[in-house]
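Let us start with two forms of the same protein chain, each given on its own as C-alpha cells and named structure 1 and structure 2.
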Structure 1
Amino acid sequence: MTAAPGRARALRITPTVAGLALLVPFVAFALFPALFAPYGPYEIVNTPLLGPSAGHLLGTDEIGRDLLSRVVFASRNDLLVSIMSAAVAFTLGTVFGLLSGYIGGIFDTVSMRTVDVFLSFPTIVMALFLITVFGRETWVQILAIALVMTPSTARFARGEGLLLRSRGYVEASKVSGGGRLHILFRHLLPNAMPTLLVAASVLASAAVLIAASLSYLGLGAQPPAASWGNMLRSAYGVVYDAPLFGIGPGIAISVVAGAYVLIGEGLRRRFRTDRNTASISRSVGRV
C-alpha cells in the first residue's frame, strides 16, 4: 500500500530540514557546552592517547584531556568564526557588487579589475598573510577570512546587479527620482536576496574550512584553547600511536560545512533560483 500524496509530502525531508538537523546540535554545543561535555576542555582526566571507550567516547588527547569535551567546547570558536566571517563577507560583497553591477561604466570596470587582483591570490595565502601581520586574535581571524571571501562575493553579487538593473521597477524608481542607495536597498537587494542567501550558506561552509585550515597551520585558535583545526594538527603528530584521534574533529568540520551547504540547497529549491549550489560554490566558496 502506498502512502497518500499529502502524507508523502509531509514525510519528505527537505535539504533545509536536514541541514538544520545537523547544525542545531553544534549550535547547542556552542551556546551551552557545559551541558553536553562530560569534562572541562582543559581538564586532564586520564592517560594520554586512550582509544574510544565507555568513559571517553572519542578517547583522550596527547596530554590526557577528554576529546569529546574538547570537540564540544571547540564548537563555540569555530561556529563564531564561520558565521561572523560569512556575515561580514556577505554584507560587504553584496553591497559593493550590487552597486558595481547597477552603476556600470568606469566604476564597474575599476571595481571588477580590483576584485580580479584579489582573486588572483590563493585564499589561504591571503588569510595567512593578514593573520601574520595583524595577529591571531579571534576578531582578526574573522576579518581575515571575511576579507578573502569578499571579492568573490562581490563578483557574484555584481551578476545579480547586472541582471536586475534593467527591470521595470528599477527604471520606474529612477524616473521618480530615487537615488542609488534607495534603489539598492529598496529594489535590488530584496529581489537579489533569494539567490544571495544561497551564496551566504556557501560562504559559511567555506569559512569553516578556512578557519580549520588556519588552526591546523597554527594561525587560528592557540592551544590550550580548543578548535577543530588545532586538534587535527595534534592528531597528525601522533597518527601512528592514536589513529582515531582526529576522527571527532574531522567529522565535526565535515558535518557543519555540509549542513551549511544543505541549508543553501534547500533555500535554492524554496526560492527556485536559476543557479545550482555547485555553481555558486565555484563562484563564492573558493578555499
Structure 2
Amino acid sequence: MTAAPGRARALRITPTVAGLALLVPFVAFALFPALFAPYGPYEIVNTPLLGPSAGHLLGTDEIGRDLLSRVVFASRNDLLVSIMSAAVAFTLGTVFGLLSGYIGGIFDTVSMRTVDVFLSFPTIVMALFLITVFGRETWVQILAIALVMTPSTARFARGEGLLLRSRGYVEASKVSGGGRLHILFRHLLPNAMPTLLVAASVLASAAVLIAASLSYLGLGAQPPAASWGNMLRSAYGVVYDAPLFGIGPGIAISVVAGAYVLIGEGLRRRFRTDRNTASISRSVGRV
C-alpha cells in the first residue's frame, strides 16, 4: 500500500496474501486483546498526552491511558461490526439483487426504484437515523450499517444477474427444462460468486469506514469503551498538544480497511473478473 515500488511488486503478485498478513494481527487482537496489550483498556497508567516512547509505543491519551492498549482492545468491536454488517449486507443484497436481475419485469422495476429511494438518503444520515431510533447497541450498529450498504449491493448484484441471465448456458438449461431455482443455484450463483466475493471485500472495507465514522460522531461504542473512531475524535481536541495522538487509531482503520481491499483485489485477479467494483464502493464507501 504505502510500499516502495520494490515491495509493491511483491504485493502485486499476491495481494490476497498481503491483505491477510495485514488483517491477521487485528484478528488476533480482537480474539485475545489481553495477550497483546501491555495495559488494560481503562487503566490510567501515566501522565496524560505523552508522546510515543519506549514505555508507551503510541503515547497516552487525554486522561493518561495507554493508547496502544486502547487501540488493541478497540479491535474487537470494530472488526466485529465491520465483518458482521458486511455479511448481512452481502447476503441480503445478493439474494435480492440477483433475483431482481434474473426475474426482471415488475419485480425488478419496483425493487430498483425502492433501491433508488434508499440511495437518495445520504449514507451517514441514514445510519445516524437508525441508531438514533433504535439505540446504540452493537447489533443496532451492525444492522444500521448493513442496511445502508444493502441497496447498492443489491444494485450491483442485479447487474450481475442481468449479465448472466442472457448467457447461453442459462438459456440452454431453460430449453432442457431447468426451473428458476435450478438455474439460480446451478448456474447463476456459481458464476456470479467470484465477482460477488470481490464486492463483499469492498463492502467489508466500507463497513470499517462507516463504523469508524459513526464512532467519531459519538454514535458507536460509548466511552469509556475504546473505538478507533472515538479515539480520533479525542485526538482533534488536543492536536496542538499531542499531534501524534490520532496516528495509532487512524492507521488501524486504514490498515484494516486496506487489508479488505487487498484481499478483494487478489480475488479479482485470481478469478479474472473484470467487472468494475468501483460502482459498489461509490455509494457505500464514501463517508
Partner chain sequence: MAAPALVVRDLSVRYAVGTARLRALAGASLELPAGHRMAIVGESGSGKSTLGLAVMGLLPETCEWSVGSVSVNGVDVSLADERAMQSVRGRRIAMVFQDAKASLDPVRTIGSQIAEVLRVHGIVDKQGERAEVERLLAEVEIKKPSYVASLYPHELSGGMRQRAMIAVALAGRPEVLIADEPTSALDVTTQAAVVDLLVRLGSSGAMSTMLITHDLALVAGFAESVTVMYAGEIVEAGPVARVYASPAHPYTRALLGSIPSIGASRMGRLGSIAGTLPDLTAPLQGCAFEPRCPVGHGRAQCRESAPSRVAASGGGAVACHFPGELPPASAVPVAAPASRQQVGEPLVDVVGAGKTFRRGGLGGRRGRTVALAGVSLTVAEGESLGIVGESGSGKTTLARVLLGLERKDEGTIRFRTVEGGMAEGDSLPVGFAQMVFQDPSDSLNPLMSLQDLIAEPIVLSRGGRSSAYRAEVERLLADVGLQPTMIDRRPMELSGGQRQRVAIARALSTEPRVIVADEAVASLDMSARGQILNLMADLRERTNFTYVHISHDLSMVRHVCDRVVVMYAGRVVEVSTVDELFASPRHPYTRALISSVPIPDPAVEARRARVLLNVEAADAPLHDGGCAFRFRCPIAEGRCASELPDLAGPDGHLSACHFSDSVAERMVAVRPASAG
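We call the rigid core whatever largest set of C-alpha positions still superposes within 1.5 Å between the two forms. Since we're looking at a predicted model, the values are computed, not measured. Each residue is numbered by where it sits in the sequence of structure 1, with counting from 1.
Chemist: Would you check which of the pair is the form predicted together with the partner chain?
Modeler: Form predicted together with the partner chain: structure 2.
Chemist: When the rigid core is used for the superposition, does Tyr169 move between structures 1 and 2 (threshold: C-alpha shift of 2 Å or more)?
Modeler: Superposed on the core, Tyr169 moves its C-alpha 2 Å or more between structures 1 and 2.
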